[in-house]
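Quick heads-up: it's one chain on its own, the form predicted on its own, in structure tokens.
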């Protein structure tokens, strides 16, 4: 049976393993101590949940599927084998790199600053919050940063500030007006959001912005984006750019080695959504089975709950903006050349089913 080594046990890696199990001898190399888990839900750990509540599958599932799940840090690929830091070698006929991304860290002069990316980060944050901190500053108003801010406010009586360099929060998902609406709603929850601001330096108990303002920060957290994790590929002589460069078949410059998810770069684009990681995991399995054409990423889609507020974004923000009566909440539709290009819903969950199927359909026929 052909041997497949998958390096990285996030959503993409686990999906690839699941899609290949039964037809191949699959080894899934997990770089974390915990069983594979949903990273986009790590803020739930702040409420006292255990990591087991976030598991993608229980331990027995991997055994039932015939997937060999091993823990280890892959340092190099050579001669059709993955070399681990322990010295162990995992031979393969084909390999899939699904190493994800690492948090972008800033140099602000604060050695105790923390990232918010992995379950271990959140557990360390929980320990410090339990120790009696009075104020938390989060640099980065993206999805993970806002979810962490909301969860901290929900479970701890501390001041929470979010510092975002962009003119408004979630610029990739929302238009400016909808973002302002969400910012107001989050403000009602006790989250202080500072936009158009750049962090300059951090001292004990505070963060100083470039314009001279100070933000209280007994705990300083970074959620300022991610960088594709390419160190394994680089050490192995595989071509990299912003990420690991792949073809439309998701193959890298090394024969029989593929890359997927946040680590991959396709036609100059990198990916940071679970949607694309899962898609690529399915697609690379089809490539290995010989049944797939080139990978075409789906339109971006975001669905989450921030501080109890439902947020959904489908498609793009191209074209004219139309605000639709949504009762309680907010609904915005974008239209170009007579077609719906995108839909954004904030607190309008009753419209979700119709909004999902609206993108690409005639705007004149739209009924929400």
Ligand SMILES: Cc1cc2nc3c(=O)[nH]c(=O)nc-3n(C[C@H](O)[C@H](O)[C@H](O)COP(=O)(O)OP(=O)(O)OC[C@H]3O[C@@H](n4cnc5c(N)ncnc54)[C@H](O)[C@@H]3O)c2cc1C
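These numbers were taken from a predicted model, which means no experiment stands behind them. Residue numbers count along the first chain shown, from 1.
What follows is about the form predicted in complex with the ligand, which we do not show.
Remark: residue 11 counts among the residues lining the ligand in the model of the complex, judged by a heavy atom distance of 4.5 Å or less. At the 4.5 Å threshold, heavy atoms of residue 265 stay clear of the ligand in the model of the complex, well away from it. Under a 4.5 angstroms non-hydrogen atom cutoff, the ligand in the model of the complex lacks residue 342 among its neighbouring residues. Remark: residue 57 does not count among the residues lining the ligand in the model of the complex, judged by a heavy atom distance of 4.5 Å or less. Annotated contact segment (heavy atom within 4.5 Å of the ligand in the model of the complex): 30-38, selected among 314-322, 330-338, 45-53, 30-38. Three-residue candidate spot 98, 117 and 272; every residue lies within 4.5 angstroms of the ligand in the model of the complex by at least one non-hydrogen atom. For the candidate set 72, 171, 216, 251, a heavy atom within 4.5 Å of the ligand in the model of the complex is found for exactly one residue, namely 72. Out of the listed residues 136, 125, 257, 277, 277 is the one that sits within 4.5 Å of the ligand in the model of the complex by at least one heavy atom. In the model of the complex, the ligand lies within 4.5 angstroms of at least one heavy atom of each of the following residues of 138-163: 144, 147, in sequence order.
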